[in-house]
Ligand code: C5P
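To begin, one chain is listed below as structure tokens, in the form predicted alone.
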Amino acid sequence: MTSLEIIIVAAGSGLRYGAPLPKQYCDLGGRPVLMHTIDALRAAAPDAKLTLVISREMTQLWQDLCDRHNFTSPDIVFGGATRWESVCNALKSSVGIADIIMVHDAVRPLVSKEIIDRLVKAISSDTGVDGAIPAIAVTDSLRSISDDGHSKSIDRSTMRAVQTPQAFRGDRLHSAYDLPYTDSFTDDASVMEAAGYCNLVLTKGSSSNIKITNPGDIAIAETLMKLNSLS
């Protein structure tokens, strides 16, 4: 049986969100966003090992929230100053290396079993695949901006918006994270590519798998949750 570990990255400060608390701890339908994310992953991949990365400063808050909501937290690892450092800390904490390791944003609470299954299938069906990333088509028109401020149109049919979880062969992800950090590491796929693991396939994502970035996204997520409960 293929072993699976999912790292949930929840150590961010969420400064762009503009709330008193990081957005992963903000209320969504009566509970913190992060709890919805964890429950969604537990439902989608019940046999997976979950590792939660949080800021050390938020330990007591998270414990208080878990007590208040009678919620069982996954194993906790403390994050770092960057996403790269947070994931690196989680990998170093692992006992053994799972066949597949996924890295998921804590503020994507509507991840589905279908997304997880497609990622696992993409990696398991071809040993040459280094990783798999859920993606959706771009619907807005796009323009690129040059250094002089001018812009030009981009063919959006060649563009995809990527989501999480991003999934990788466990041994190769561990090897990639042996590289020293650079500013070009914007996500885990970029770390893999820097290490030479470039066979990263795209799988079907979902427009419902939103990332809560702005305050209005909470209302959107609540609406999507209600629609999912009716389907």
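Note that residue numbering begins at 1 and tracks the sequence as displayed. For clarity, every value in this text was computed on a predicted model and none was experimentally measured.
The same protein also exists as the form predicted in complex with the ligand; that form is not shown, yet it is the one meant from here on.
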Q. For this chain shown on its own, do Arg118, Pro134 and Ile210 all sit within 4.5 Å of the ligand in the model of the complex, going by heavy atoms?
A. no
Q. Given that the ligand is left out here, which of Ser73, Thr82, Ser93, Ser124 has a heavy atom within 4.5 Å of it in the model of the complex?
A. Thr82
(Q) Even though the partner isn't displayed, in the model of the complex is Asp130 close enough to the ligand, meaning a heavy atom within 4.5 Å? (A) no
Q. Using heavy atoms and a 4.5 Å limit, would one call Val107 a contact residue for the ligand in the model of the complex?
A. yes
Q: Flag Ala221 as yes or no: does it have a non-hydrogen atom within 4.5 angstroms of any non-hydrogen atom of the ligand in the model of the complex?
A: no
Q.
For the interface check, one of 57-65, 191-199, 43-51, 22-30 should have non-hydrogen atoms within 4.5 Å of the ligand in the model of the complex; which one?
A. 22-30
Q) For 86-100: residues with a non-hydrogen atom within 4.5 angstroms of the ligand in the model of the complex? A) Ser86
